[in-house]
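The chain below stands alone, shown as structure tokens; this is the form predicted alone.
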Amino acid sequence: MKAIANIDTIHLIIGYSILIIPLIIFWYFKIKLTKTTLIAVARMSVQLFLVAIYLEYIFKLNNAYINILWVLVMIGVGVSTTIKRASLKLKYFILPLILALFSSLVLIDAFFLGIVLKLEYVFEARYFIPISGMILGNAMNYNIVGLNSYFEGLVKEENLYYFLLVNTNENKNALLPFIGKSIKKALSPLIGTMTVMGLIALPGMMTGQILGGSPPATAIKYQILIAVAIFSGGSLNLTLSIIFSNLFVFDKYGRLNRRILRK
């Protein structure tokens, strides 16, 4: 098996030149995304290079406490980003979203790293950090879509919620249509992606492993497990986020506190 082709600095810079295509599209159609795109690419590059340097030391040390601390930092960043992009109030939603993300990640990591992969050391840096990161990153995106849909639905159709609450006399039954709609909206794109995975495109993790020299069969097995872990973690995290958030959004009589939802 040949070693993976290295990308030197010159060819990395050349690679950036392909951005001329979307930039020309933005210029031609007068889409104000040029500055945002350039800033995003610059931030991505700097952050990834810094992470690469940092992970070199983390992988060498392979210390459980440092690995856990790194994942906790990722959880904090993920939650704060979710709250900001979902236009929610930090002081009301930071605790429920941290609890939801932490709980779902512990369960999914314990199952896949401990039971499926049978790692003797479940905090092995080269497994624990990347897999946790993929689950967290995707869960964050589904949370943003799901929470936006859920709270927007409650605000727009508040009368429907109270109608269902009065007729069912139970907060859980009154919320079922809103929760179901938000989960469906958030997870439908991932279900669609899994449906065509391998037919239209090779997923990122599988491609990375193949380029790194892993046999395709091994890469496929990991990709299947990661896809299942991401879907399971995302659905669990979103569900727990809604359940825990409801403790702050509604009073003991089931009344919606719109003030909390206004940023």
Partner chain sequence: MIQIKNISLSYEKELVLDNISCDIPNGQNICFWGPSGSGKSSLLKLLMGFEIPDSGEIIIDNIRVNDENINEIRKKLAWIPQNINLPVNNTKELIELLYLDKRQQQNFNNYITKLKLDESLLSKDFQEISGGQKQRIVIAAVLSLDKPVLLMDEPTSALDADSVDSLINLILKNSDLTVISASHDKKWADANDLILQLDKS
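Residue numbers count along the first chain shown, from 1. Since we're looking at a predicted model, the values are computed, not measured.
The following text describes the form predicted in complex with the partner chain, which does not appear among the structures shown.
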property: Stretch in contact, per heavy atom within 4.5 angstroms of the partner chain in the predicted bound form, of 174-182, 128-136, 105-113, 87-95; result: 174-182
property: Answer option from 164, 144, 100, 71, heavy atom within 4.5 Å of the partner chain in the predicted bound form; result: 164
property: Heavy atom of residue 168 within 4.5 Å of the partner chain in the predicted bound form; result: yes
property: Residue 159, heavy atom within 4.5 angstroms of the partner chain in the predicted bound form; result: yes
property: Non-hydrogen atom contact residue 253 with the partner chain in the predicted bound form at 4.5 angstroms; result: yes
